[in-house]
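Here's a solo chain for you in structure tokens, the form predicted on its own.
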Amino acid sequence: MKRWSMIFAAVITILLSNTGEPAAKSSRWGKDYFPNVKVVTQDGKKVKFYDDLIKDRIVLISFIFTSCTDLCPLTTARIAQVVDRLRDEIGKDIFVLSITVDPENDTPDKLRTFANAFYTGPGWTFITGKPADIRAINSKLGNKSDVATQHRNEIVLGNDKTGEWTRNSPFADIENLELAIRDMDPDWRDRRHVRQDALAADHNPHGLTIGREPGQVLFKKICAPCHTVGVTDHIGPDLLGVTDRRDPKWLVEMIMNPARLRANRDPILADLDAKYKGVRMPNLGLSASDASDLISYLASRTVQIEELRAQPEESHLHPTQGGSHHQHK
């Protein structure tokens, strides 16, 4: 766990260094700043970037490419968690944009397959377009590298109407990230009278808490965006009983280096890739101790849920594990 924690602590430290109140109003980021070029959505619709996707809107913007085997799927899954928490506002008051950093290869069809693995509702647009136009947009948003694998793993938050723009990390605590997005709306800021921890509690309907077990901490941070335990298949498969169904050595390899399993044409992983199209288990640089902690947590969580289910129905509530439920496969 230490290796993973150090990597993401560094990311969060850098990206959250200026994420208090939104930046002061600036005329630099507006209609004269963003390229108002035509881009193409995941549905093949041609729209103007500024006029149709940014103007007068509160937006959350991320950078992705569909063949990414590292953080793009996890970043997008984290955003999907936030979208689920903001579902009443998404497409009305708040809009999400995911911009490819690989426009030469990311066609609308590829973007649609990728998008549908995470979310199928309104308000979240994945865009591609002419490479020069997409690079110009990305550059204005601070992603200046032309190499897809070197894009910035961050999100940009903005309110075009007020001119407030800031950056944040998709790996921040989900409650704090939700608050950061809501804070882009000055009306919401003015009427906010509850403490941040109270709001976080209101939006944790399943009562998931972080205990001392390191595997539980890891699960919530990097697994829960795609997986549940004892609920239902989500972006990826539900993991109830996975430690009984799978060989321990296979589980360790799957957690530490799924790319190697994939390269070796592992039949189990091939079946999972075929079932959960559009997103693959990424390589996250987890250590052997991380894998051991996760497997231990999944085993103990399975036992806990099965014991609860064995009790008379009236004596307990259905056990659930944190995760968004806007889409079931």
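It should be emphasised that the depicted structure is a prediction, and the values quoted were computed from it without experimental measurement. Numbering starts at 1 and runs along the sequence shown.
From this point on, the text means the form predicted in complex with a small molecule, which you will not see here.
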| property | result |
| --- | --- |
| Which of 82 to 90, 180 to 188, 227 to 235, 159 to 167 sits within 4.5 Å of the small molecule in the predicted complex, heavy atom basis | 227 to 235 |
| Non-hydrogen atom within 4.5 Å of the small molecule in the predicted complex for each of Ile222, Asp273 and Arg280 | yes |
| Proximity of Arg246 to the small molecule in the predicted complex, heavy atoms at 4.5 Å | yes |
| Heavy atom of Ile127 within 4.5 Å of the small molecule in the predicted complex | no |
| 4.5 Å heavy atom contact, Ile61 and the small molecule in the predicted complex | no |
| Contact test in the predicted complex: Leu74 vs the small molecule, heavy atoms, 4.5 Å | yes |
| Position in contact with the small molecule when the complex is considered in the predicted complex, options Leu251, Val101, Val96, Ile174, heavy atoms within 4.5 Å | Leu251 |
